[in-house]
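Given next, in structure tokens, is a single chain: the form predicted alone.
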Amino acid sequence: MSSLAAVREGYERFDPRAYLQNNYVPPRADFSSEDCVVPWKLRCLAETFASGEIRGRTLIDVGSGPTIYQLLSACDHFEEIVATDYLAVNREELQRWARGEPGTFDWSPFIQHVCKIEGRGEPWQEKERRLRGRLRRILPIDVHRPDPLGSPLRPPADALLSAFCLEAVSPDRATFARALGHVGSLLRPGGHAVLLGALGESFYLAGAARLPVVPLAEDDVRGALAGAGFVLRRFCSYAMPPALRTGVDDVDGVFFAHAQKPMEA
């Protein structure tokens, strides 16, 4: 069995609810401290989209998982958001949230926090309504195929967002770099890519699933972006403090990257 096949097999046991519980409730989602990892991620996203430079018709979110927090600041700047995931259980979780079904994960603290840091005085329910309205497609994706969606995105996306996906489904750095190139093909020339991901992580837990992760250093991410033809615009990182090392993974830190695909000559 190839390493990539082993990764795919592991994800058959992925439990979306366990993953959310491990990562998106306290202590990691503690909104009382800006130094906590989840507020740090939300601030990086809010600051990047606040510039107004990243905007257009379509944003594609690559490997959405069962989460929507990564789309909260982005949704104000696009007419349509296309969420994607390899796993049907994650796509179903997103569809239930988009329909407003009872019993889905409560993202309201995240939405309230984003509204607070964006500082526009917007009721959080309005942002929630807008994101639901713009989340128009939830599609299957396989980032290891040269054409990840099975057919080209028409028109190509104006921006690409991906959070904690590529390193978590790649058995080695070379596969990570290739996957980044594959998803870059979904983006129009001149389009922007916004990435969040894990540094120095070798595994994470999601219920019965123990999923391998390729441990990345900052230079690995920078090199993969350059190799995929992107121009790096911003890069920053977060060191996971001891209090947030809860045993559900062995992550050392988180990176945030904003890069741009050059215009064609």
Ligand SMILES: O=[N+]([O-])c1ccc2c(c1)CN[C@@H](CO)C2
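Because the structure is a prediction, the values reported are computed rather than measured. So that there is no doubt, residue numbering starts at 1 and follows the sequence shown.
The next section is about a form of this same protein that is not shown, the form predicted together with the named molecule.
Taking 4.5 angstroms as the cut-off for heavy atoms, does residue 222 touch the named molecule in the model of the complex? Residue 222: no contact with the named molecule in the model of the complex.
Against the named molecule in the model of the complex, would residue 28 count as a contact residue? Criterion: heavy atoms within 4.5 Å. It does: once the named molecule is placed as it appears in the model of the complex, residue 28 has a heavy atom within 4.5 Å of it.
Residue contact check: residue 251 to the named molecule in the model of the complex, 4.5 Å heavy atom: Yes, contact at 4.5 Å.
Answer for residue 131 alone: is it within 4.5 Å of the named molecule in the model of the complex, judged on heavy atom distances? Looking in the model of the complex, residue contacts with the named molecule do not include residue 131, since no heavy atom lies within 4.5 Å.
Thinking of 24, 37 and 168 as the candidate spot, does the named molecule come within 4.5 Å of a heavy atom on all of them in the model of the complex? Every residue of the candidate spot has a heavy atom within 4.5 Å of the named molecule in the model of the complex.
Choose one stretch from 97-105, 186-194, 160-168, 120-128: the one whose residues place a heavy atom within 4.5 angstroms of the named molecule in the model of the complex. Of the options, only 160-168 has residues within 4.5 Å of the partner.
Could you list the residues in 109-147 that come within 4.5 Å of the named molecule in the model of the complex, counting only heavy atoms and keeping sequence order? The stretch 109-147, when checked against the named molecule in the model of the complex, contributes no residue at the 4.5 Å heavy-atom cut-off.
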